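Quick setup: one chain, the form predicted on its own, written in structure tokens, and binding and motion questions come after.
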């Protein structure tokens, strides 16, 4: 049996922040941001918690799938911006949904989070352990962004995407690969709560996201292209067989460079980062829901999803819709 997506959902905060809005905070402008990233605006929470957004996206996915919260057997939630250390956001979402029969687990694979969580769901389905799983990618990145750093504050946004996964013999996830390279983790970094106790003397500093943009760009282009090539070769597929590529929405130039490597038309690489920015683990399911609800994805379509980001982590999925 394969894990297949029964329904999708998403949520974006109502508050939008344009490039012109950011130009009032840091030295930048709309043309500079768009030319380097493709981003024009992003959504930012002004009160919604990570769990709130995740529950909204989850309810939309459950409704589309025709599945009740009580039927869920597992919740897999990917985030780097939980509301609390304990309880996990996954458990908070379980409570909000009333998913009393589900075990709730949280994953941290940064921008690869939803892809890794979906691969985890596939493993549970293949093993015959669970057949109805909620997979969520959600981020409130605005709380870990340094809004005085123009190199990072222009990139990120908040939001949530979700998918309800079932079991099917003919469609769903056909194959996946995933990797990590912890030796290069400093390229994209955000410190947690620092060590401070009665036995150590130090100034406490709160951590914000820092990034080596050029290093992340080179990593993403190389590793995403390699992982897609590997999936195609392993499944005896050519790019002609793929109907759609759903890539993490980090930077338009990264996606364009991957498309060029594959010699594929950009029409196969839908993007919503112009309106959403980089939402880390939420970006793939946000775009997936948009494509699904618009009718872009049709039964039998061959889809490749790719996530890449902090860790460093990256992975791709080959799925029959």
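Residue numbers count along the first chain shown, from 1. As the structure is a computational prediction, the values presented were derived from the model and not from experiment.
If you look for the form predicted together with a small molecule, you will not find it shown, but the lines that follow are about it.
> Name the single residue among 147, 208, 124, 217 that comes within 4.5 Å of the small molecule in the predicted bound form, judging by heavy atoms.
Contact residue from the list: 217.
> Between the options 287, 69, 65, 254, which residue brings a heavy atom to within 4.5 Å of the small molecule in the predicted bound form?
By the 4.5 Å criterion, the partner-contacting residue is 254.
> Where does the small molecule sit in the predicted bound form: which of 91 to 99, 191 to 199, 229 to 237, 153 to 161, heavy atoms within 4.5 Å?
Of the options given, it is 153 to 161.
> Can you confirm whether 111, 213 and 250, the three residues that make up this candidate site, all sit within 4.5 Å of the small molecule in the predicted bound form, judged by heavy atoms?
Every residue of the spot touches the small molecule in the predicted bound form.
> Would you check, heavy atoms only and a 4.5 Å threshold, whether residue 268 touches the small molecule in the predicted bound form?
Answer no; every heavy atom of residue 268 is more than 4.5 Å from the small molecule in the predicted bound form.
> Can any non-hydrogen atom of residue 292 be found within 4.5 angstroms of the small molecule in the predicted bound form?
Taking the distances in the predicted bound form, the answer for residue 292 is no, it never comes within 4.5 Å of the small molecule.
> Consider residue 49 of the chain shown here, and say whether it contacts the small molecule in the predicted bound form, taking contact as heavy atoms within 4.5 Å.
Taking the distances in the predicted bound form, the answer for residue 49 is no, it never comes within 4.5 Å of the small molecule.
> With the partner left out of view, is residue 9 within 4.5 angstroms of the small molecule in the predicted bound form by any non-hydrogen atom?
Contact with the small molecule, no.
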